[in-house]
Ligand SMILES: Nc1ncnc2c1ncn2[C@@H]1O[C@H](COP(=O)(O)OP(=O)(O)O)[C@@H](O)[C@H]1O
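A single chain comes next, written as structure tokens; it is the form predicted alone.
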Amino acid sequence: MKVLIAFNQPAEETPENELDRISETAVENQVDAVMRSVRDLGYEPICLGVKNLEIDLEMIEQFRPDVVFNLCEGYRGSARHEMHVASIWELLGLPYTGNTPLTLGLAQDKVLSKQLFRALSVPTPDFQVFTEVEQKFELDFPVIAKPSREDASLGITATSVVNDEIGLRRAVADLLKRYRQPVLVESFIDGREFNVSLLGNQPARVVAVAEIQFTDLPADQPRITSYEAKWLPDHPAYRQTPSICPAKIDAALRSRLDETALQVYSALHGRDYGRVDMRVDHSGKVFVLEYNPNPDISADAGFARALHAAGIKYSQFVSTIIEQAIARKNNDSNPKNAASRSFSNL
């Protein structure tokens, strides 16, 4: 079997904030992990750093893959094209792993997905969208400001949580200038943060729940997973926010987190695998932050730790993802059932 491992080739030009490039280049670790598993499974892999469609399509035509393992999180440095790359596999009629273009687009547009959550009574923090600095502020402080169409915690730093209008205007102005897109301002949920990893289709299953620990953060730092905490190993915030998986929580909270995550996965038509990020306030109420349809699946990343906690070997995960992608192609009459059966064996 020929497996094309497709990923987004990092942009050659340097972004305004060079640190933003780190999360983009991290996809190479995912490629290495998947490549090793594909070889161990006895398949023939080839890597494609998507960056020039004319050349890329010629290579695909020559290789003639049986399936695409899709790790693309954007195109030429733009995350907003994540859904468009998946659309290429659709148009070529190639079976591919992961979420559909529709789900990728819905999840990336945090405002649109939050509006959908509201319509379906999925709990999510109150929010407001800023397209200019001097808009009327309608929420209560504290709030957190973030880009509305980025992922990987881009634009989220210790200064993103603000407690007054001066800080809010400053944060909005900075994000509008840097990312050139609307700014999402949410009520800040002070409390605990959880990541829920999921596998499968409809129905899906929860793999494991992880909790981000904030106890080592200095008292003057907001309890959030900033970009530095996620991607910069030498930064203090990275060491001060370890992830515990499985989370040490009681059965009642675990049930609420599982149920909410599955509701989000269903609402956005999640497929194959994904992660739901949530906060829990001091009263125990759950709030959905977002659905990540393309989480980091490097061998040492959070999703791989969730697989380990559930007793699922990484190679099993890769094999099942590939098998169910092919099953969708071969069972167009009932692709969801055909794909979900594979996960029942894990």
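Numbering starts at 1 and runs along the sequence shown. Computed from a predicted structure; not experimentally measured.
Same protein, other form: the form predicted in complex with this ligand, not shown, and the subject of what follows.
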| property | result |
| --- | --- |
| Check all three, Q115, H269 and R271, heavy atom within 4.5 Å of this ligand in the predicted bound form | no |
| Contact flag, I46 vs this ligand in the predicted bound form, heavy atom cut 4.5 Å | no |
| Contact of L289 with this ligand in the predicted bound form (heavy atom, 4.5 Å) | yes |
| Proximity of S153 to this ligand in the predicted bound form, heavy atoms at 4.5 Å | yes |
| This ligand contact in the predicted bound form: I144, any heavy atom under 4.5 Å | yes |
| Options 203-211, 186-194, 169-177, 245-253; stretch whose heavy atom lies within 4.5 Å of this ligand in the predicted bound form | 186-194 |
| The single option of C72, A79, I224, A261 touching this ligand in the predicted bound form, heavy atom within 4.5 Å | I224 |
| Listed residue that, although this ligand is not shown, lies within 4.5 Å of it in the predicted bound form (heavy atoms), from P95, G105, P182, P125 | P125 |
| Contacts with this ligand in the predicted bound form - residues in 251-284 whose heavy atoms fall within 4.5 Å | D277, R279 |
